[in-house]
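Presented as structure tokens, the chain that follows is alone, the form predicted alone.
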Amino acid sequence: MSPATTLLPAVAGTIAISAFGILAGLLFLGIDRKFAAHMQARIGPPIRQPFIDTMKLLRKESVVPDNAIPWLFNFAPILALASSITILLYLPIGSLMPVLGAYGDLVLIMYLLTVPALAMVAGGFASGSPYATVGAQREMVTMMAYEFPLAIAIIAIAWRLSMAGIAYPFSLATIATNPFWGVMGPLGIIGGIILLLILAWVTPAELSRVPFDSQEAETELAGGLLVEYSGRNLALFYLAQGVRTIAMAAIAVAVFLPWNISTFVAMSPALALAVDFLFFLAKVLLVVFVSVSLIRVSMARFKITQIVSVYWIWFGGLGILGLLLIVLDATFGVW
């Protein structure tokens, strides 16, 4: 097989996934705002509002502060968007296998999830603003807090698949064909539900959404990390947030809800792709509603010290409990 034969599908897939991530990300940001508005007895903006905001920002000039580091200040939003799209290249979309699925697994995805946040941190420090500097420090603390329970959840799932004799347990293709719910008894299922709840609560922190948005905190830091950003640079960060929303929801779907309708109902290949894609979007919508909209409407912003306590003590403890239940289930075969 020639290099061109291998390269062209990868390039086409990357372009398609990039377009999907950006368009779907903006769409789900609009849906999230509409969900939140209705839960607060408001009409809210139209679902197309994120598209309108992005177009306005892209037409405006990006102002660089005098005391900023220009190249890093301008590069940070590009890195945030590019790394967010890269995560999607390793995730299945419905029954479509990942574009780069043969070259990475959940461990790589965990590392890639930190890159957009680090890009925001770098941009905050590069802006020279004291508000952004405080926001960048808070972002780093938040990252160190939620990575602990997230790692527990991923390792517990892969370990259980490995104990069931399944090869390559960290591979998303393996998880898609061998959902870990099918290898566990009652104790393991309870542990899996606990890990699912942990991922649901890690998602808003990963996306810098209420109640874990202390790094932006408009009432305290006037926008924090992004206080000095405007125009095209701010639009890129906004697009990155939309793509990360899809990526985090897709991770939850791939790990905990990997089923496709075509697996259970016979249909033509073309129809199966369409139906599974729509079913994937429905699962993403469910995850966004529960993990983002519902949580941010029902809770107030946490202090940075509370965020650390919540993740290291409460969710860390819950993660260890879920892991122990899965270990007991695998060790004693309680069914």
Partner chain sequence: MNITKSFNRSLWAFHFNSGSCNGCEIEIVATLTPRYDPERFGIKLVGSPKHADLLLVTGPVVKKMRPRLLRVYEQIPDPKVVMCVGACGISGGPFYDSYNLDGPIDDVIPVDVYVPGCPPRPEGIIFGVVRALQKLERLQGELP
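Since we're looking at a predicted model, the values are computed, not measured. Positions refer to the first chain, counted from 1.
The same protein also has a form predicted together with the partner chain, omitted here; what follows describes it.
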Which of 32 to 40, 282 to 290, 267 to 275, 298 to 306 lines the interface with the partner chain in the model of the complex (heavy atom within 4.5 Å): 32 to 40
Full three-residue contact with the partner chain in the model of the complex, heavy atom 4.5 Å, for Gln49, Asp53 and Leu226: yes
The partner chain contact in the model of the complex: Ser162, any heavy atom under 4.5 Å: no
The partner chain contact at Pro70 in the model of the complex, heavy atom, 4.5 Å: no
4.5 angstroms heavy atom contact with the partner chain in the model of the complex for Thr174: no
Contact label in the model of the complex: Leu234 to the partner chain, heavy atom within 4.5 Å: yes
Selected contact from Asn178, Ser230, Thr133, Ser95, since only one has a non-hydrogen atom within 4.5 angstroms of the partner chain in the model of the complex: Ser230
Listed residue (Val310, Leu27, Leu57, Leu294) with a non-hydrogen atom within 4.5 angstroms of the partner chain in the model of the complex: Leu57
